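Only one chain is included here, represented as structure tokens and corresponding to the form predicted on its own.
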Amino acid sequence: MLAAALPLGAAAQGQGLQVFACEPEWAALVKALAPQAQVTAATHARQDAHHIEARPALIAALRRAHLAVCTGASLEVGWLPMLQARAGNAAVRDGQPGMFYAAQQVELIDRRASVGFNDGDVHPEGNPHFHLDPARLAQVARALSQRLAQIDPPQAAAYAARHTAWQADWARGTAQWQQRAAPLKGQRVVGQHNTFAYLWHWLGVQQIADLEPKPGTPPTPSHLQSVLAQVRQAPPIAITHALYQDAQPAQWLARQLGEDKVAVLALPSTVTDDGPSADLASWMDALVTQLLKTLPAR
């Protein structure tokens, strides 16, 4: 029997809650709020969540899910609709309580009234990488706890209690990260894509150039030369890229600027399967730590 045929609440019954998360950050958040749930993450930190294959294992996971948690804002437009169609699970179709889009819970930056054919990989709804802003992530957590309670009413009180505890820990962590990261305010970086735009905004860091000539377009030699000309006189503290992106363009630029002067940082854009970024709090802490290491000794 498909999960869609079960009534809300009866489908979950606490111990049996099945959750499909499009990205690792949402899988981590579900595990924090619903530790009894069986969670499948469709992507990992070394994958570009814009582009993955609709593998049979993912179709099967979505077919048995009571709840799907995804970013939205067209981030998964290249593969999620296909998964939904092949899974045949009415509970996780768009518009149903079982389909939760985090982007619908927050305000996005860089919204576009229109997107042209030559604009690159641009999302008209806005930048979908908002999970790198602790405040927006907290907004999503509040909405997700309420959705869990709607899907699984017998556990509603437990979800509310866990969210209250998580929110208190997250607020304390956010204050500590902001205090530690204060020396980063006003610093300049070169990035690749707009993946970390929300993090820069939160920390007061300025991304002065993009290694990509257009969003989603790999760096080209001519574009890298133009970036070099732009930043040569006033180099950034670091050249950053996500774990899933090719490090060579950043490394090339660092060599031109002097590797002893400019750091290359491969930053996890989401939680990792293991290591120092294996949950949301440790991941955010690791990001701040990595960035602080680029500053000159005081």
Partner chain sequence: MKRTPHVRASAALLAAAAALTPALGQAQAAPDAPDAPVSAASVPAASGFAPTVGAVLDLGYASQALALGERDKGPHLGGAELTVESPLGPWLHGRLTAAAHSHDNKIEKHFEEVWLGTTALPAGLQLRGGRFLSQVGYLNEQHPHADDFSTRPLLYRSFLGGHYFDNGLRLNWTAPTDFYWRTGLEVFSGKQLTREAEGAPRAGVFTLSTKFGGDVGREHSWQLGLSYLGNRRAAQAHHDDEDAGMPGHGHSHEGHAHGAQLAGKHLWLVDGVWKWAPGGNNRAQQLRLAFEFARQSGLGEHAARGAASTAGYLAAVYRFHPEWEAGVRTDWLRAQLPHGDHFHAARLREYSLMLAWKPSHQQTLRLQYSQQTGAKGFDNAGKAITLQYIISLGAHGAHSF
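Just so we're clear, the structure is a prediction, and the values are computed from it rather than from any experiment. Residue numbers count along the first chain shown, from 1.
Here the subject shifts to the form predicted in complex with its partner chain, a form of this protein not shown in this document.
In terms of contact with its partner chain in the predicted complex, the residue from R232, R46, R255, K261 that brings a heavy atom within 4.5 Å is R46.
The single contact residue among I208, A171, A160, M82, judged by any heavy atom lying within 4.5 Å of its partner chain in the predicted complex, is M82. The closest heavy atom approach of L75 to its partner chain in the predicted complex falls outside 4.5 Å. The closest heavy atom approach of V190 to its partner chain in the predicted complex falls outside 4.5 Å. Although the partner is absent here, R136 is not a contact residue: none of its heavy atoms lies within 4.5 angstroms of its partner chain in the predicted complex. In the predicted complex, none of the heavy atoms of L132 sits within 4.5 Å of a heavy atom of its partner chain. With the partner left out here, its partner chain still marks one of 162 to 170, 179 to 187, 105 to 113, 200 to 208 in the predicted complex; by a 4.5 Å heavy atom cut-off that stretch is 105 to 113. For the partner-free chain shown, A85, R86, A87, G88, A90, R93, D94, G95, Q96, P97, Q104, Q105, V106, E107, R111 of 83 to 114 come within 4.5 angstroms of its partner chain in the predicted complex, judged by any non-hydrogen atom.
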